[in-house]
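Consider the single chain below, provided in structure tokens and representing the form predicted alone.
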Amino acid sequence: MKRTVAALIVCLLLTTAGTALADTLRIGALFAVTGPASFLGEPEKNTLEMLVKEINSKGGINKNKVELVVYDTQGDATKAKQLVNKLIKNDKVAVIVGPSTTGETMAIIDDVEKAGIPLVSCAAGIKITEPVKKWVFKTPANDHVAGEKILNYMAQQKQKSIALLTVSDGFGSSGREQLKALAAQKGFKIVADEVYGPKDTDMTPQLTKIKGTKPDAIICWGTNPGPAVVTKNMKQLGIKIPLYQSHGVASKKFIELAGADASEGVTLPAGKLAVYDKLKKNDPQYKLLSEYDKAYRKAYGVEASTFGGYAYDAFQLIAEAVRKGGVTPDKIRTGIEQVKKLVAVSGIFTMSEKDHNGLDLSAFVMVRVSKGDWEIAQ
């Protein structure tokens, strides 16, 4: 009799433990909260923490409480690799959001693939999801989409010769590769192809060379502070050639770093969040963008950024997957892959077995700096 009671108690304890575990979704996150890429990582961390707090106040996702474990990579790929293994082995997370940059993301892909833990990256490089990896997704639109958006706009402006100025990191190298391929396909002529280092503080030598080639436009591809330096250097050199930047600087931080005067007229592809107040009210993203910005301002005292939106979308994808399936890594992975027409900050996501990014040209609008703010470029 005693043995029977003891066995029942053990079964009850095991069942209870299993239920508790099933009722908790543990999300890991890797963001460049400090360091040169903190303009990416800080709003990503803030956004994810805000969303987790909000969802838990409403009872969780399908009554599953969400636990969040965040580590600061400082934008360092080696540190990201160390921390992803900590999330997987020590923290036992079911899914990971981040990292903030392409280089960091590429460094940890093998780790998540081997462990069978879904990763939703907040970085843009096309090689993150092409070719498709079973466990890897990302929320920023692919860099070739941004590049095509720029070139389509340039064609409308009858600009045909291009000077490239790209940063020599994962994001810049990928962008450079995509721009060169797209330019060849669309009949543009690249008259200069210059590169700068992530820590360079003066690009006047490259810009002087570019000026001599007399391009119709310059495309700079990188993340701050480099593109801001390029913008200031152009102003200092008196270069009047139209300047396009990548979506990697689609936040007010770029205007702040470059200065309103120097950045006036700079054009780039950006998510609709940058100009949501200028969208038509019937735009499918308008309501969500408005609510996100309002919530972020209330929580942190500043406007929401496109980069924080990448983490917002990652959480939405995970939540959608959990609602349809469950909290195990495999069910989350499958659920994300099955997402269709999910209205989000970065665009409207439709994933598939062949597409782990799920965005197209509609994810971007072309924007221009005007008097220290963004306007829709006509």
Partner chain sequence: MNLSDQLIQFLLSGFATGSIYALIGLGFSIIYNATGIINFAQGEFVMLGGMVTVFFLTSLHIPLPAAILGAVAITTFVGLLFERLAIRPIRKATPINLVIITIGGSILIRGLAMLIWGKDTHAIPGFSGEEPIMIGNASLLPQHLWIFGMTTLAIIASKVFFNYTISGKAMRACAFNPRAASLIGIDVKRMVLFSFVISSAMGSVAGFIIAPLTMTSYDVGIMLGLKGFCAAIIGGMSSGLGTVLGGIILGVLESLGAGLISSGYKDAVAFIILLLILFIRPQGIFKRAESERV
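Positions refer to the first chain, counted from 1. What you see is a predicted model; the values in this text were computed from it and never measured. Between two forms, the rigid core is defined as the largest C-alpha subset superposing within 1.5 Å.
Just so it is clear, the following notes concern the form predicted in complex with the partner chain, a form of the same protein that is not shown.
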item: Contact check for Gln82, Lys92 and Arg323 against the partner chain in the predicted bound form, heavy atom at 4.5 Å; value: no
item: Partner contact for Leu237 in the predicted bound form: the partner chain, 4.5 angstroms, heavy atom; value: yes
item: Partner proximity in the predicted bound form: Pro215 to the partner chain, non-hydrogen atom cutoff 4.5 Å; value: no
item: 4.5 angstroms heavy atom contact with the partner chain in the predicted bound form for Pro205; value: yes
item: 4.5 angstroms heavy atom contact with the partner chain in the predicted bound form for Lys281; value: no
item: Stretch from 227-235, 271-279, 149-157, 128-136 whose residues place a heavy atom within 4.5 Å of the partner chain in the predicted bound form; value: 227-235
item: The single option of Glu264, Asp76, Glu177, Glu194 touching the partner chain in the predicted bound form, heavy atom within 4.5 Å; value: Glu194
item: Option touching the partner chain, based on a heavy atom within 4.5 Å in the predicted bound form, out of Asn46, Ser38, Gln316, Asn64; value: Ser38
item: Residues within 4.5 Å of the partner chain in the predicted bound form, restricted to 69-84 and counted by heavy atom; value: none
item: Yes/no, Gly238 Cα shift of 2 Å or more between this form and the one not shown with rigid core fixed; value: yes
item: Large Cα move at Pro205 between this form and the one not shown, threshold 2 Å, rigid core; value: yes
